[in-house]
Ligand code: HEC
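First comes one chain, alone, set out as structure tokens in the form predicted alone.
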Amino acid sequence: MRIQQQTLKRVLPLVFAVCLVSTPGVAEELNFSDSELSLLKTFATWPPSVPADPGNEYSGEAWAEELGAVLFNDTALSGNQSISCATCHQSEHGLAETTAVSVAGAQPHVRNTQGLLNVGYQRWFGWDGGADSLWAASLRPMLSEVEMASNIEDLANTLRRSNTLNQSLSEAGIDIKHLNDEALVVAVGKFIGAYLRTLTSHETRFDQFVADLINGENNPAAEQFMSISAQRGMKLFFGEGNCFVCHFGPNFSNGEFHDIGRPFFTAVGQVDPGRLAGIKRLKKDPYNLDGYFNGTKEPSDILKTTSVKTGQITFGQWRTPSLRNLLSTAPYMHDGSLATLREVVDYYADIDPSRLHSKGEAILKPNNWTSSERNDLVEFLKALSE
């Protein structure tokens, strides 16, 4: 995870010095320089305000959020009425599931189920960014043959029989009879999107530790929040490892897509192209922000969708996931191929640059870290969970 020196100078002018103070017979204590504190401040203040779901006229409406929570758990939204959104996005597992790839849908999937905590901070949705809003991302699984396997007509018929939906819409001044089938299904996607936007995780030991540092409480008592091992791991994360370049900001994600050299074959002769396929699907999606069902028509939202381009560089790219609440969302990577955080750290530390795009990521380099250093980084990552 080492960034090339020339690139680092462009990305970060700060010198991230490691200051380790150790005295025989005295408890080990780590000190943090002014430049380190300056950088850590950009990761503090959790949770930040959540932006509105683009194109969703119901975003931020309490009644829509409450209705979306009910619909999220409703098995009637699936074709055989046996699974709901919550079947794969399980609350006890960070709104993800524990299998490598999702198996609860109509057919086995080829991708890992992403956790939904803090999903409202994303700009693109799904591992490949194939949706440009939460409501469009909510519609896709309902209509996907691989997932909930329903269709517009059947789903609309089911929804019209729902007393809960009819009552909620009536109280909001919406006459369900005035909505055609497609508009009704889209509205349900927007209600679920409104709910998903509210799924913000709580403060972590990292947040508490950094708050103490920023307030000038740089003392051994901070170990109550983060162990010395976790603090050493934090110095690696923000220092030599440069992991923060992609996992940036309070949500520990830059929200973009990167090639990290993971395999793209899903079976013999079958590949998953990642971001390349996502952009192609997005452009064809009738529910994208450039389409008829955009309920807010914000020019900046539409520009995001119309300006994104495919290209060779997008093949094999995957969205940078948030690192918050990692302990709840194992296994890891887009295909769930790494079972533990130590495996993830080992992968990056031992990364083979030859597996990366020649025109893609040039920032990833192997690190000659000891087993102890790798464990330190794992301990820091654990501190990013509630």
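Bear in mind that the values here come from a model prediction, so they are computed numbers and not experimental data. So that there is no doubt, residue numbering starts at 1 and follows the sequence shown.
As for the form predicted together with heme C, it is not shown, yet the points below apply to it.
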- Residue (of Tyr121, Phe225, Phe293, Trp127) lying close to heme C in the predicted complex, criterion heavy atoms within 4.5 Å: Trp127
- What is the one choice in Asn288, Ser102, Ser150, Ser229 with a heavy atom within 4.5 Å of heme C in the predicted complex? Ser102
- Query: Closest heavy atom of Leu323 to heme C in the predicted complex, within 4.5 Å or not?
  - Reply: yes
- Is Arg160 close enough to heme C in the predicted complex to count, meaning some heavy atom within 4.5 Å? no
- Please run the contact check for Phe72 against heme C in the predicted complex: heavy atoms, 4.5 angstroms, yes or no? yes
- Indicate whether Asn242 is a 4.5 Å heavy atom neighbour of heme C in the predicted complex. yes
- Message: Looking at heavy atoms inside 4.5 Å, which stretch does heme C contact in the predicted complex, given the options 204-212, 302-310, 172-180, 76-84?
- Response: 76-84
- Item | Contacts with heme C in the predicted complex - residues in 257-290 whose heavy atoms fall within 4.5 Å | His258, Ile260, Arg262, Arg281
